[in-house]
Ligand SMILES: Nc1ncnc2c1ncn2[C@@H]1O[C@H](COP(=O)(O)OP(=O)(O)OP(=O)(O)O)[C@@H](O)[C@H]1O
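One chain follows as structure tokens, the form predicted on its own.
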């Protein structure tokens, strides 16, 4: 049975898509069956892995009910993906029925036994799409930069997560906060870290011990629609993502949520 992880932060530019892609690629490399769902109308994750977004069914078609979930899965060198496109931006107005918060949860049910991990890349806004991701997820990973604006974004997630846990998904947990573009020599980074620890404590979670260092490798690989493990396998950033994936796996194995493949 798949573990479902939503990667989220209401602030854009914090490495949300890179985190989803990085974790997905590394988990697949370690032998796990991985499905990523691009729930962002901007479709950056879909572009990064060269998924088809116009002539192939997307997550919009799945949640609308016009395509079966497994028929929308595309296989890429990085991982399996259900892509997105701009049509997803109309969901807020289009889906107004009762229990609309459970649309994604019901949609991914056919995939739960096909995969070990399902990763959801959420939009940078607290919309009905984000609520659907939280309702469907077992856990949340929050990427952020070591700056005050990212910190504010993390803090503002608290109320949405609390509401979803209370109304729709009482088992939802925050697995941790991941620091991206990390520079341990920066004074600002050290100052923000102290506050981030307090925020993590308020959210009843932690900051992952592995931080993702600064580097342009991921952006370059995404621009070339290439797997970053093939693009620059020896780079510090790639090594960091691999260690981060190992940290996630170790926690899941210790909690009994995943078995080693």
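Positions refer to the first chain, counted from 1. If you're wondering where the values come from, they're calculated on a predicted model, not measured in any experiment.
Beyond the structure shown, there is the form predicted in complex with the named molecule, which is absent from this document and is the topic of what follows.
*Asks:* My question is simply whether residue 42 lines the interface with the named molecule in the predicted complex - judged by any non-hydrogen atom within 4.5 Å.
*Replies:* So residue 42 counts as contacting the named molecule.
*Asks:* Could you tell me if residue 212 has a non-hydrogen atom within 4.5 Å of the named molecule in the predicted complex?
*Replies:* Within the cut-off, so yes.
*Asks:* Residue-level question: is residue 238 within 4.5 Å of the named molecule in the predicted complex, judged on heavy atoms?
*Replies:* Outside the cut-off, so no.
*Asks:* Examine residue 124 and determine whether its closest non-hydrogen atom to the named molecule in the predicted complex is within 4.5 angstroms.
*Replies:* Result yes; residue 124 sits at the interface with the named molecule in the predicted complex.
*Asks:* With the partner removed from view, which of 59-67, 201-209, 28-36, 216-224 is the stretch that lies within 4.5 Å of the named molecule in the predicted complex, judged by heavy atom distances?
*Replies:* Answer to the contact question: 216-224.
*Asks:* Residue by residue through 128-144, which ones have a non-hydrogen atom no more than 4.5 angstroms from the named molecule in the predicted complex?
*Replies:* The stretch does not touch the partner at all.
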